[in-house]
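Let us start with two forms of the same protein chain, each given on its own as structure tokens and named structure 1 and structure 2.
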Structure 1
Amino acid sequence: MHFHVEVRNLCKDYPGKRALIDVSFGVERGEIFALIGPNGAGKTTLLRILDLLDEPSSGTVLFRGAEVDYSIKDRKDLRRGIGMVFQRTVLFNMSTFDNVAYGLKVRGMSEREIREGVKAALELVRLQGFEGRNALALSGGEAQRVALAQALAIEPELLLLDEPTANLDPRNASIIEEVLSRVNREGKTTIIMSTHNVFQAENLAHRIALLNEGKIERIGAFQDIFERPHRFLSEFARLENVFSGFSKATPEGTSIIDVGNGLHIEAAFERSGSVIVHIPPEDIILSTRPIVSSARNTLEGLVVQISDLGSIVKLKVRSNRDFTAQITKRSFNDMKIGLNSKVFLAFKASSVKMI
């Protein structure tokens, strides 16, 4: 048995930019595989190569174990099993119906099959009744859902999704996620998707690849990747405790940063002017009693949210501004913290990182 889609030593060079560097991975048939990584990591580049729109600079792509020959001019036959939703929505200047019907038409389906296929696809993305609307006069989210319907209508065995829910409202995003998960469950459709939404990756994907600066940093199940600290977390995931403000150097070689709302943070660097800083949640010390320590920053607040991440627990604490602290499950249990518990926070000036 071979992978459904396999990529070996893939590189892609743009003039003046290496977008993919030696990328290798395999995706099983019926798997949902999420690419996550910061802007410019190479997600779109990779998906476009898998959709045979761009050619790799070197390396190979295999579908069902067979190497893709990118020198073939008309790649239609290979591509017929693949559906893609672009990051930047592109629709044709025709009615919504005709847009969704296009993929079926080029496959030579009958009028009746087309009508039924379009109807089913538009129902999946909850756009019944939009058939007659010109696709260029839709709202951002409506248009993105039409693009999804286009890809779903052709019932591909491989679905490539580049940020498929970026423009959707939460309700529709949930619906689409569930639709994708069913298409995968029932149709054994392999899905490779890029997303910036870590929750989406967690909910949907069987495995996740972390892409950074064109390289794959890690591959594995969500828990393996996110539940133990990793450099990548701070590289990609939502930064918590980001504050920007005006910094003033002190005579002692540190700086006091006014981050608004009456809060001043002391940092170990010496800088005057406008800065953005970040305090890693794992650097924040939490206590149920006032803290007396060498830490230069101490605060008092209320716990407003508790999230269990397996061995660690994340707490959102409301003080002058909101802080997120991260502690082990064990100390969480020891401290007996609950919602609305009053807690004290402390962090060292050297934990305040400029970004």
Structure 2
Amino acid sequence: MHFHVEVRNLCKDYPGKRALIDVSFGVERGEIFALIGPNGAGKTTLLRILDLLDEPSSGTVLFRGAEVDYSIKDRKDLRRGIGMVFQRTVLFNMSTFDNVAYGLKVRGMSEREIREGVKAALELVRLQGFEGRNALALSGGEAQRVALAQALAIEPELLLLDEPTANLDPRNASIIEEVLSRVNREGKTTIIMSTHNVFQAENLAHRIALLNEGKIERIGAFQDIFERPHRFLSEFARLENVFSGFSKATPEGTSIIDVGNGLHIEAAFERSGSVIVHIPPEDIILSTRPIVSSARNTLEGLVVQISDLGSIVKLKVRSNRDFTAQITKRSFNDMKIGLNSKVFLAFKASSVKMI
């Protein structure tokens, strides 16, 4: 049986840098295959080669078992069955309808087919009613969903995604993940995606490849890859709010975890012994005043870093340990937070995830 997509001994050289080194793997039809690795690992370069936008320096790409000829004609024919969503949304200064319809028009579809295709794609990403809105006036999350609708409207057999939910708020990220799961499950669409989000890879991908400095370190199911989380999470995932410590179960069915520097975190699971835990930044409540909450974990600290990501802002807060919290731009402006501002953090025991 042929793989749907296969690469053999792939290398890509740029002046002064080798971006990919002897990369080989195969992806079966209907599989979700995730590429995980730090910035500069080669993930985007690999996806651009699979999208036939760039040509490898050496090695082979096979599609449906046949070697890809990088001549203009062969490349054009093959790309008709490939959808690509870039990390930085690329949309035209026109209506949402016309953006989603673009690929269908290029393929010479009839007006009726274009209308039906756009309608179905926008319903899939939950943007029905947005047809007449200018795509460049949408929020970051909405724009990314339009880009996904544009890729899905052509009903691709292969869907490529480069960090599809990077810097999106939880709601838009969740919608995109649901769409990917659905088109894979119902349409058997083969999906190859890059992500920094280990939990996204765990939830969506059938297999994972760890890419580091242009080389594939390991390939396998999530459980196989992360059986030794200390090494791989620190090296590849770059997760925020990851702490290792010693856990003690409580009579209440929770655990108290000593993560060092005098900080104890309460978690909603029972475990005794060494653990690694993660608190998602979006699960942390942040305030400039002491927080009155049922949350089991509260602390105060100083803001030491501010990252403006458009509709959301990430704040690094130095307390007993460093925490990253994520809030909306509106909340950030309302609270008038600056560097060295004193803030209060709270998060529920159920937000503490064991890795």
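For numbering, take structure 1's sequence and count from 1. Note that the rigid core is defined as the largest set of C-alphas that superpose within 1.5 Å between two forms. Here the structure is a predicted model, which means the values were calculated and not measured.
- One of the two isolated chains is the form predicted on its own, namely structure 2.
- Once the rigid core is overlaid between structure 1 and structure 2, Thr60 does not reach a Cα shift of 2 Å, moving by less than that.
- With the core superposed, Ser294 shows a C-alpha displacement of at least 2 Å between structure 1 and structure 2.
- After superposing the rigid core, the C-alpha of Phe25 moves by less than 2 Å between structure 1 and structure 2.
- The rigid core superposition between structure 1 and structure 2 gives a CA shift for Phe246 of 25.3 Å.
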